[in-house]
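Starting off, we have a lone chain in the form predicted alone, written out as structure tokens.
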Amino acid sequence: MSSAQLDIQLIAAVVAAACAIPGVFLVLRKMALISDAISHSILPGIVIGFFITQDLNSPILILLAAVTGIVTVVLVEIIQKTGLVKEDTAIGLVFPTLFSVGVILIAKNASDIHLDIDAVLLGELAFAPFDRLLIAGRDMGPKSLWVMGTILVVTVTLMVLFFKELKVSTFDAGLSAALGFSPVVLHYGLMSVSSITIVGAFDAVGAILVVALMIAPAATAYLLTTDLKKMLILSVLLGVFSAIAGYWLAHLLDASISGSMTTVLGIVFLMVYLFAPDKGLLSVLYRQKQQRTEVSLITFLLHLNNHSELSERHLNHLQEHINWQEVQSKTVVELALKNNMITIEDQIVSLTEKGRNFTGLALEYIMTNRDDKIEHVKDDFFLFRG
């Protein structure tokens, strides 16, 4: 492995970690689209900063770009608060306008420098290791690694210092205000960190990968845990893994590094979306099927409880009168037997003591509509839930 390859992976990993942390809070606050808005709308700030300094390496570019990101958030909120449009519409109005202004400025005044439209949209990690930080003539390594490393350290430090405040304001802004934490200050603080992170990663990876690294790992981690600390750790790990795996996929296919990383992020999210233990699509479908079977079982037990006639309690009655298909009736009967709710003798079904107790509680719940949920009753009586 060459030093350039190692540098690319280190830069990608640090960028992924730095983007993942604010990304978690954006996802939880349902503000994922704002990262896309900021990543595009900071372009005018970068261009104007270059016009002022004539130096692509000037920190003024980062400062003005971050300010432009904050302006984007403020404009979105001003438009949203009018009540005439929703937040997603406001975002769709603001960031294309600012981004277009930046593209026009580049096309008209900066077409002969590195600020070209392709680099802005896609970025090129392959060139990042060659942009070195020189101090007193000494090579300190890739500039992007130092910039993003600094941003990562600052972001982690701020998160540790204000974790409680961020957590409370994210889940309950009213409680945050009551406890003396200003939701507005925390909101704009988060937006500032997000803007600076996006600006720092902008030159190395481009707007598209910034959005992917900020949102995809956080959205994936959200499907795996409900614990905020675990979600932050998982988001960072998933982002770093996807960045490194994406690099090697690009190396294998001789394809775009940024495109490959984004593809891996999408694949990882898809796999978790399908197979996550609690929130995965397959798990949700299984639980829905289970719940439908449980409802059928309760219906069957209530029917037995209300009828003493032998004809009403005959196995064939399930298909003839309740209008169940053979597979469904067989599943319900097997589940009732498994849970010791019924006995069967000469094709006649009878409730056991446990079955009568359960139907009594179910009837009480149905009649009184009390607050305690039927799920608790199922947990006590159904063997497969115990």
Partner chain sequence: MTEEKLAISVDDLTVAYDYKPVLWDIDLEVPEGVLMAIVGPNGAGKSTLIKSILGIIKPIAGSVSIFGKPYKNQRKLVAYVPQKGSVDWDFPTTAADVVLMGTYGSLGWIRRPGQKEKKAALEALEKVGMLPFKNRQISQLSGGQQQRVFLARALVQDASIYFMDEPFQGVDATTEIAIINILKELRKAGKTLVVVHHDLQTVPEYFDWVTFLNVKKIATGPIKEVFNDDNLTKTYGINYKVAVNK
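Numbering follows the first chain given and starts at 1. All values reported here derive from a predicted model rather than from experimental measurement.
What follows is about the form predicted in complex with its partner chain, which we do not show.
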| item | value |
| --- | --- |
| In the predicted bound form, the one of 177, 74, 255, 233 near its partner chain [non-hydrogen atom within 4.5 angstroms] | 177 |
| Proximity to its partner chain in the predicted bound form, single hit among 93, 85, 228, 153 (heavy atom within 4.5 Å) | 228 |
| Residue 170: touches its partner chain in the predicted bound form, heavy atom cutoff 4.5 angstroms | yes |
| Contact test in the predicted bound form: residue 186 vs its partner chain, heavy atoms, 4.5 Å | yes |
| Residue 181 within 4.5 Å of its partner chain in the predicted bound form, heavy atoms | yes |
| is_contact(residue 138, its partner chain) in the predicted bound form, heavy atom dist at most 4.5 Å | no |
| Answer range among 343-351, 329-337, 59-67, 26-34 for contact with its partner chain, defined in the predicted bound form as heavy atoms within 4.5 Å | 26-34 |
| Interface residues of 139-170 toward its partner chain, as seen in the predicted bound form [heavy atoms, 4.5 Å] | 160, 161, 162, 163, 164, 165, 167, 168, 170 |
